[in-house]
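Have a look below at one chain only, the form predicted alone, in structure tokens format.
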């Protein structure tokens, strides 16, 4: 009788395991899309086993949140350190993920030595240093990184022209074009993006970016795509989003939704994510993904979330309030926003297609 009871118990256990496997296989984001779905990460968090498991299972593209920016790589005038960026490439290779490079040039997060000395450089000296830096980084990651944000946020906040950064002051209107050329010389195959915020929210900024693209294309300046950062709120205009998508696609460029997060607490009135706010976030995510997924295949580069879980989002510090803007909660539970992503693809989370 004891043996019979043991085998009956074992059989029931096998039925439960097999039944669960057949009836509700878990569908991860990377399996649901025909375009890469990405996340920005800090490599120090990859030592957390559950964090690393979710990043590896759910995403097919990785962006370094910070460690591929000059502050982390550019040790001295012509001295570079790649160990932190390399660790992201190693993780991505182990999980069959592509790596998007962010970013070769930005007016913020420069190395301290450059901040202290940049005013003393004449334009030719500064440009030579920047050219050498861009090409050293692109060559180091050749064949390992599929794409780069060449320049980040070079347009003014009001969107009406170039940002009055030290780069623009010293190098002039054409510096973004020249930086794209330097990157292309270093790697003929890597995809080159221009990346910025408020591309949808400010029509003036979209118009300025499109004029830049038109100018580049008329002069054969290499540019493959536009990164729309997508740091947005629940009041996001889907009509303006569609217009921006259409205008970028008209120019034959790839679209990267490059830094997606959706704020739910703009005035700091919420102490926790309410069911109502979570549902609005879910519905907005659905519509964004639906419209993105309708783009021609050759124009869909990736949708990348700017962080994995809510408590690690940059927005808490930036806004002074929790915003719960990402796909996963602090405990790495999937939020309604996650299901909203799948709904935008017309995919059921528990049904493999």
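A quick note: this is a predicted structure, and the numbers were derived from the prediction, not measured. Numbering follows the first chain given and starts at 1.
One more form of this protein exists, namely the form predicted in complex with a small molecule; it is left out here, but the text below deals with it.
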*residue 66 near the small molecule in the predicted bound form, any heavy atom under 4.5 Å?*
yes
*Look up in the predicted bound form whether residue 153 has a non-hydrogen atom within 4.5 angstroms of the small molecule, and give yes or no.*
yes
*asked:* Taking the small molecule as it sits in the predicted bound form, is residue 167 in contact with it (heavy atom to heavy atom, 4.5 Å or less)?
replied: no
*Heavy atom of residue 306 within 4.5 Å of the small molecule in the predicted bound form*: yes
*Quick check: do 213, 224 and 300 each get a heavy atom within 4.5 Å of the small molecule in the predicted bound form?*
no
*Option touching the small molecule, based on a heavy atom within 4.5 Å in the predicted bound form, out of 229, 265, 97, 208*: 229
*Here the chain is shown alone; which of 74, 106, 182, 141 has a heavy atom within 4.5 Å of the small molecule in the predicted bound form?*
106
*Among 29-37, 306-314, 52-60, 287-295, which stretch has residues with heavy atoms no more than 4.5 Å from the small molecule in the predicted bound form?*
306-314
